[in-house]
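Presented as structure tokens, the chain that follows is alone, the form predicted on its own.
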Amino acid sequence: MSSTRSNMWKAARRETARALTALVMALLVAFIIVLITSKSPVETFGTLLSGPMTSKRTIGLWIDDVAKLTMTGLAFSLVFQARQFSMGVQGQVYMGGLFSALVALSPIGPTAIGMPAAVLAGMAAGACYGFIPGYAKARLGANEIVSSLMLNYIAVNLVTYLVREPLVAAPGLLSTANFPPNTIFPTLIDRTRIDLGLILALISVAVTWFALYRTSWGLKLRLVGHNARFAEYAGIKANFIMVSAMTASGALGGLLGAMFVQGQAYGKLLVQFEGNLAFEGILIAIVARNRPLAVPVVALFYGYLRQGALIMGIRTDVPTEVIAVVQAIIILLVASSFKFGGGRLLARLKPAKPATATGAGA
């Protein structure tokens, strides 16, 4: 038992060192780019590092990003645990946002059950949209990457059409009418975007962790992800587990869609409302090694850098294109699974231990 805990702590320290080293390297590269492109590089880089903490509003934007990044990171982590490479979270977010909006704008919206009904409708729509590529792979052998990406395309364009035509609030606008006030998430801190979505994200982390590590379904899912053929020999229905994992991931994506449209940021359905944030969950899942409890920690740091880069683009002379380059470098370095190469060299430099004399005189 003690050896198991010791190995866990060693692994945790190794992963922490890897992530921190990669983060420092990314920031150094970012500083070099800022040094080349900015007339006042020190002040500009300071804005990157301190921008999210400069006001109550920017802190609210940061935490709101963290909640949403946590949800998309969880959705990707769940399917990656089953070794399924579905890219369909974006489509699930759009379908979740659409059905949440339909409920919020319906006669149910102004009633007492308007908010939970809209959230559940979003989750159900996302779950159905996650089920489709899973079922297509299990029954038809369809590639989940291709099918989920095509479903993303359909969802984005469907929502765009509906918001511009039948659901538009007024000609020329790119949004629906405002939702009834009781369907919009209440704020946790006044005059910020920190709302009920943060609580839902934390609950989702706990539920996902419990489902993966404290239920038989989670054990079967991890076994399927580790070795699907062995799981089949053990009597586990691998196809069922795979489809259910993609469906559960879709429910998380649908919940994220509800968090977008029912949150303080919007309170209505807009064209392109998620701003491609859903795809950034891939980075969160990779860095967190698909571990639910690590997802919000990674989202916290990445969300800070994300907001810092956006603020730097607004307040400084660094062009927007350079901001994109800096973000890409940070993603590449932080997400890289490198190992420290000096370990073997140090081991060679150490003096060899004298061999124990066994069987002397034999």
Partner chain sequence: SAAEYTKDKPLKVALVLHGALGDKSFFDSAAAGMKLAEDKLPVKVKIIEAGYQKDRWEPALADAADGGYDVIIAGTFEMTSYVAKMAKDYSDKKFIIFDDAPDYKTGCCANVLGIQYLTSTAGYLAGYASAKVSKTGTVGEILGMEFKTVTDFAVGFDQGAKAAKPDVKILKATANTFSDPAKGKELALAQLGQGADVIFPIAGSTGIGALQAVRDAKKLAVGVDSDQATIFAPTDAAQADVIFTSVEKKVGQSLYTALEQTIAGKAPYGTALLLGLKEGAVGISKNKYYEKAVPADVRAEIDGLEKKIVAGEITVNTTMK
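Just so you know, these numbers come straight off a predicted model, no measurement behind them. Numbering follows the first chain given and starts at 1.
Although it is not shown, the form predicted together with the partner chain is what the next lines describe.
The closest non-hydrogen atom of Asn182 lies beyond 4.5 Å of the partner chain in the predicted bound form. Mapping the unseen interface onto this chain, Pro186 falls outside it, with no heavy atom inside 4.5 Å of the partner chain in the predicted bound form. Although the partner is absent here, Leu202 sits far enough away that none of its heavy atoms falls within 4.5 Å of the partner chain in the predicted bound form.
Contact check for Thr176: every heavy atom lies farther than 4.5 Å from the partner chain in the predicted bound form. Leu270 is the sole member of Leu98, Leu270, Ile194, Ala127 with a non-hydrogen atom within 4.5 Å of the partner chain in the predicted bound form.
Residues of just one listed stretch (167-175, 243-251, 101-109, 117-125) have heavy atoms within 4.5 Å of the partner chain in the predicted bound form: 167-175.
Along 290-307, a non-hydrogen atom within 4.5 Å of the partner chain in the predicted bound form is carried by Arg306, Gln307, in order along the sequence.
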